[in-house]
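Only one chain is given next, in structure tokens, and it is the form predicted alone.
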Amino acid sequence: MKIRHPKGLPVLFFTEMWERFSFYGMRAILVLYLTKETIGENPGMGWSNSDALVLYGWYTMLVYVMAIPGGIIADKFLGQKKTVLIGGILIAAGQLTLAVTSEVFFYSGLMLIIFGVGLLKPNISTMVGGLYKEGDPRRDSGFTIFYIGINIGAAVAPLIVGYVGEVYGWHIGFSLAGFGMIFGQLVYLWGQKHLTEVGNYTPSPKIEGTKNNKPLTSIEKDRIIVLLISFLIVIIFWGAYEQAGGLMNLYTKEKINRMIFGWEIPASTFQSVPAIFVILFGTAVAAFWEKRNRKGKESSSIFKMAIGTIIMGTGFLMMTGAAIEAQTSEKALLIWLILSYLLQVIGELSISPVALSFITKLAPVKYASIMMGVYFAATGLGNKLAGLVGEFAQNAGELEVFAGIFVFCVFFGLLLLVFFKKLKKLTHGAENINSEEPVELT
């Protein structure tokens, strides 16, 4: 039987797709712009690699940490729907501000984007969860579809914004990212008729003893413990995965042979490779876990995230190979980078969309947006960790750092597998509801 998803899902899909086009387009050229010389063709800001990675770490951390106040504002004052709209306006304004050649405008643009993403990111994800009733078996596949939308934007942006930014002008690239966000907001406004039942502000009753004023139950407390542990996984995952926008971006520019048929591919365009892999393999990975689940084999969220961490870590074994080759040759073969991104993405597909769905299952209703905000704050801490690791690599060497990430991720994933049954027990059956009908991703 064919089961269709709510009509609001495509609206949120395309809104988030354009927001991610904006975000990843800007991210693809940020450190390259910062490290480009101040004189010559298409000048940048002339920063050192270390200084650029420091700013990259702080920026990407704050973008996600601001999701905590973004969730609180939605829950306590505006509702998710209005908060997403305001966030999108701020992001568009920030990207267009970056298009102005001025250091003051540069920092102002970054701050506007930080505040905007903080308002938009946790609340649009919570709205996706709100499209489905408790126990709806379409929820996980709905988040997978949503996640593919994220990666369509992330795949196209570096190819367009990255190429234009590197070849024709950094500030033109930033402006393209801004227009992408404007498109997203237009889609969101057009689709409001399909979002009437989600994201609305509902004031909490102030009468003592009402449901919203009751303390958390022991089951809810246990589930929050599991969520906090899952946030630790998120920090470690993004600390490794976000090397893509910083250290691996610079490494691709400096030490990977990017010549194909006599044409040197701009480094920033390789930022689209992970997102392309997500689009190609997202449905297949989701189907694998769904098939495993129907056969009665272990497929809980914690188990998936443990396996994903191990697979993602092996991607850095490929980069270790690249670093070894670069020490003996002038530059490493491009295949090392592609294989690394492939393995990182296979791991990502068992962690990131799973974690989003996991939160909507376990978080107490009255703290839904706040817990989603904490998730994105954990993502922010992971991004800051990525910046610190990238900065450390400038002194310690890329070979040692890539090898260290590989060993740590595999060890941590194996540790999770040892304890996942105890963690699963603390969820108190939150993932035990399954459908007898197959779910088609439509």
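For every residue, the number given is its place in the sequence shown, counted from 1. All values derive from a computational prediction rather than experimental measurement.
Below, we turn to the form predicted together with a small molecule, even though it does not appear here.
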| query | finding |
| --- | --- |
| Contact at Phe21, Tyr56 and Ser268 by the small molecule in the model of the complex, all three, heavy atom at most 4.5 Å | no |
| 4.5 angstroms heavy atom contact with the small molecule in the model of the complex for Leu119 | no |
| The small molecule contact in the model of the complex: Trp238, any heavy atom under 4.5 Å | yes |
| Distance check, Ser352 to the small molecule in the model of the complex, heavy atom within 4.5 Å | yes |
| Partner contact for Val128 in the model of the complex: the small molecule, 4.5 angstroms, heavy atom | no |
| Stretch in contact, per heavy atom within 4.5 angstroms of the small molecule in the model of the complex, of 45-53, 32-40, 373-381, 386-394 | 373-381 |
| Answer option from Ala177, Ile150, Ala74, Leu98, heavy atom within 4.5 Å of the small molecule in the model of the complex | Ile150 |
